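To begin, one chain is listed below as structure tokens, in the form predicted on its own.
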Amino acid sequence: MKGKLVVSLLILSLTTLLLALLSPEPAETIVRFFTGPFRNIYAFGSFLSSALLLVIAGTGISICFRGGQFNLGGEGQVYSGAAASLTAALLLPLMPGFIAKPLLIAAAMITGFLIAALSGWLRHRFSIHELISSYLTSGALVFFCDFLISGPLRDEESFLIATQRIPGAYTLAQLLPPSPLHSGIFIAAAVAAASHIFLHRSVWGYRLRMFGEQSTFARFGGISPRTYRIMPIGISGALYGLAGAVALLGIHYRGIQGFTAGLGWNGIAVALIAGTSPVMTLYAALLVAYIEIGISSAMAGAAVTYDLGLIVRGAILIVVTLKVLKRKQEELL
């Protein structure tokens, strides 16, 4: 926990320094950054709403990392999961919400699982590293989902590149109007708890962790390489898909081109900060969401450009990655 606090302080210090150096109005920018998530009910609800999506995405990638796999296809898997849920919501006959919502969530999770599991299968069958295959597949899927929203599913009466709204019965309940905070927060908490139980209180989780730490030893112990090449990355894809569905049903209510952008990469940052612990993703997600909302607040109220926001986000990811690589090097020594 001490190491995570050090990383958190380092990230906040670096963010503050970059905002101070690069903003033409450093004092106002820094004040807006630190107070942004708490300026009003809407900002606070947006902060928690962003955090719950990051908990779901970060938990999935944490499980993937614990299994010794690497999933860089989060952007495409989140977007595809949301697109699958959206397509089902718009094309299937109208149903009661208590039936439709589980079906839409299941469609998103199955889509994400199949996309990610493909990379695991390619690694097992043809030794194609999932780092490459997941990233390339993601890039293609982002363009395909953009095509669906801007083409076959587009609402021609809208001025946005967007689809029609999904039926109101399919949406998640709002908890803090007028903010976007919704009942998906309970889904996020359940995902983190279930993932912890899976990893530390089940035979499958024990085998997954063993395979991730030492795959050769695990093979001698009778653990199936095919299963544990596919399972961890498949679970991460399913949870990425779930995050996409929750974003659709709880926040946007319609498909908007690029509406899940950034969630895949931020999920990786959350997992790295959390040290691949599903429970600690709650803390890491709050930190990343706080920074995201703070930067957005600074961009809205001070002379901060979008490019500066990208620079800060990139610097955060680099710092976290370097910290993880240093820890891994110390473990090897």
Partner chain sequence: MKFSGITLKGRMIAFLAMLTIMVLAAETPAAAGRAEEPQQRYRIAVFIPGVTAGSPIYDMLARGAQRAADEFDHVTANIIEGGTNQGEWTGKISSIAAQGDHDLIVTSNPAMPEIVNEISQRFTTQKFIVMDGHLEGNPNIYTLRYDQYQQAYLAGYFAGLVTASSMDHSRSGLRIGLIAGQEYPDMNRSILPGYRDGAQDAAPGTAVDFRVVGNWYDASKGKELAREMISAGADVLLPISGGANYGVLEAAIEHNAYVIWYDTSGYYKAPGVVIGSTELLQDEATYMKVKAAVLGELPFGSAETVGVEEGFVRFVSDDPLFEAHVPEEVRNRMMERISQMQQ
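Owing to the predicted nature of the structure, the values given are computational and were not obtained by experimental measurement. Positions refer to the first chain, counted from 1.
What comes next is about the form predicted in complex with its partner chain, which does not appear here.
Given the stretches 253-261, 239-247, 102-110, 80-88, which is the single one in contact with its partner chain in the predicted bound form, using a heavy atom cutoff of 4.5 Å? Residues of 253-261 come within 4.5 Å of the partner.
Checking a candidate spot here: are Leu5, Asn40 and Met280 all in contact with its partner chain in the predicted bound form (at least one heavy atom each within 4.5 Å)? All of them do, each having a heavy atom within 4.5 Å of the partner.
Contact with its partner chain in the predicted bound form for Ser183, defined as at least one heavy atom pair within 4.5 Å: yes or no? No.
Quick one: is Pro167 in contact with its partner chain in the predicted bound form, heavy atoms, 4.5 Å cut-off? It does not: once its partner chain is placed as it appears in the predicted bound form, Pro167 has no heavy atom within 4.5 Å of it.
Heavy atom to heavy atom, is Phe98 within 4.5 Å of its partner chain in the predicted bound form? Close contact is absent here: in the predicted bound form, Phe98 is far from its partner chain, nothing within 4.5 Å, heavy atoms only.
Does His200 reach its partner chain in the predicted bound form, with heavy atoms at most 4.5 Å apart? Residue-level check for His200: yes, a contact with its partner chain.
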